[in-house]
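Coming up is one lone chain in structure tokens, specifically the form predicted on its own.
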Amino acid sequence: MLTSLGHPSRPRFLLRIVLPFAAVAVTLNVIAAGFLYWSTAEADRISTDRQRALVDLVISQLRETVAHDQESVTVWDDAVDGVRRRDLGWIDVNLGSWMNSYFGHDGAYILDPHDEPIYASIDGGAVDPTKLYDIWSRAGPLASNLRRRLRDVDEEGISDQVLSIGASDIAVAGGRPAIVSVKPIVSDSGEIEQVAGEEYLHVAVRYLDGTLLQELQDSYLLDGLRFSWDDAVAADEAASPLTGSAGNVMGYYIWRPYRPGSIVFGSVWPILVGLFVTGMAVLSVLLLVLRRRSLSLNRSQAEIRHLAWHDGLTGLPNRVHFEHRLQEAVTTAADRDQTMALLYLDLDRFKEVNDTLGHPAGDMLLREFSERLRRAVDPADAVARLGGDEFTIILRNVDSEEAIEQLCSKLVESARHPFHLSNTQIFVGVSIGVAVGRAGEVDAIDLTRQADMALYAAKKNGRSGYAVFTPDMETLLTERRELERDLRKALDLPEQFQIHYQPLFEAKSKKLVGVEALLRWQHPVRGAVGPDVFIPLAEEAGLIDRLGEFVLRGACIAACGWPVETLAVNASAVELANPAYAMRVTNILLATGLSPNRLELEVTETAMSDMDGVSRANVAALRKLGVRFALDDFGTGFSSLGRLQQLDVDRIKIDRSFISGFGSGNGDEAIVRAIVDLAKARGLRTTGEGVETAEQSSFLAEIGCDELQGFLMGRPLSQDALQDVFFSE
């Protein structure tokens, strides 16, 4: 009975429990094994793709690095002089072997203005310059393209980090893949005249195989990295194409990629075979682990993409991303017949923050300003950082220009609020240039150019404000460039400049005690150009040092033979910030024979209040020599009567605006009396400017003003006229 009942139970057990369970178990394990295999392959693929992206990124950055390395020697006055003299010894040390020993460049060549090689260096050693022809098939077109851009004065791509334009590509040099980069050898001071397009060129070659392969393998764990001219790879290898600018494939980097999925799969498979019953649980855990690793790889790949499109400091879109989004916005605006706007923003006084508090404080300021921009604009609009302290905002589907101006006012006001950096309050500002792309008239290049011109206009108008582009801005910018060009030419033709001298009289005796040197520019076409026009232009164009030296030298020569106690010469804040200024003044005094205690340098109160360490050192050195300093146009800048006690000067010149206001009931007499009394208490001399009436002269003499200057007693005169009127016997 038991036997008859037991036998029928086995088939039922097998059929109803064991077989279905076994079938389900096998099916689930097959499915799990298949899914595990797929996850393994996917993880391997993502890891390989990430390494390919890493290789592409490294090669792309290497091209920029080679060009940046070149700028350390090509943007240099000494380099221009060295190649012009064709001093091959100097060239070899500074432009050849240096590039190999310090930067690891494999080759360096120097081309003259006719693209003829005058020097060549391979692996740090000078060789026959004709070796250049080995790479000329690629370097030649790059040099030609660069010369065309130089002749066209094309400055696209120049920024705080990129000092000169260049051309580079990936090419085959000497049967090896290499980066070929061409840079012009140009003046860093701008004082060496060069014909655009006829500069000497520096060609750098960096091979992309050899030692570079070992560096990449060690730095980025690219196992077995090698270079091949074709993409024939083994089953366990991956390849990444090396492409030139035109998209042509030069060859392939091949390596054995790290395969995390395969490694994990190989370690867990024996356990799954041996533990069939518990394998389902183990498999689930392993799948979860693999999934997490896949997600981690995806995140890493996303981070690489993010770094390529975003600024590392602020997290904002970078220049490349901005250009892409601007083109998208322009296309959308044109398709939908919408109006858009582009804002260029530049922080005011950002350089002073870096110079005084250091770059970490500057970085904190940039991050905080970026957050303020994000909060101020609509999420649909695009904020980007182009580099340095330059930002942009793309406004889509703008309702009206009033809305743009409201946003600009909001941004300007936001930047005026103090920035709290390391327990220090920093006050800066922002200048904004706006270009509006109206429906049907939107072009990315024009918008960029117009916004840049509007930004220039905003800075010209006093900074911490905004300007919307108008057609006359382009005309004004063109006129400014022409005037700057004429000013540069005039410095080489000094007969256009004349130094006039305005007499300075003792207040009570009316005795001539000094003269102030004033520069006049007689333009051959424009006529007389006022100092208020060409002096700021000279400061912006980097010409003020030459202009100031011309005036100081001419005035010292003239004053040597005059029986006056004081020769006053204006000194720009830009000149004072030059580390060589004190030495330049000293050399002029020695060369002309003028006694230092007869020279008085006039500086505006704003410049004296905002002096950095270099300016203070120049003032201290010249005062020690005996040179005196006067505070010009007192009352028109940031100084107060209290602030006057802290300024290191010998004389203050009371601005003509106070003196002309005598008798108007505005209290100017009381202000001037207070200035004179405070100056006496501080042991300073005072000079009244713009004296035009006898009443003004009498009042100033009565309250104790020391010297007077103005049309009442003498207008500015040429050297000969001054000699005839005051010094002729």
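Numbers follow the displayed sequence, beginning with 1. All values reported here derive from a predicted model rather than from experimental measurement.
There is also a form predicted together with a small molecule; it is not shown, and the following applies to it.
- Although the partner is absent here, Asp532 lies within 4.5 Å of the small molecule in the model of the complex, judged by heavy atoms.
- Contact check for Arg520: a non-hydrogen atom falls within 4.5 Å of the small molecule in the model of the complex.
- Residue contact with the small molecule in the model of the complex: Gly661 places no heavy atom within 4.5 Å of it.
- The small molecule is not drawn, but in the model of the complex it has no heavy atom within 4.5 Å of Ile652.
- No residue of the trio Val73, Ser97 and Gly166 has any heavy atom within 4.5 Å of the small molecule in the model of the complex.
- Note on the partner interface in the model of the complex: the residue among Asp56, Glu42, Asp49, Glu692 having a heavy atom within 4.5 angstroms of the small molecule is Glu692.
- The contact with the small molecule in the model of the complex, taken as any heavy atom within 4.5 Å, belongs to Glu575 out of Asp92, Asp348, Asp311, Glu575.
- In plain terms, the part of the chain that comes close to the small molecule in the model of the complex, with a heavy atom within 4.5 Å, is 625-633 out of 625-633, 146-154, 115-123, 218-226.
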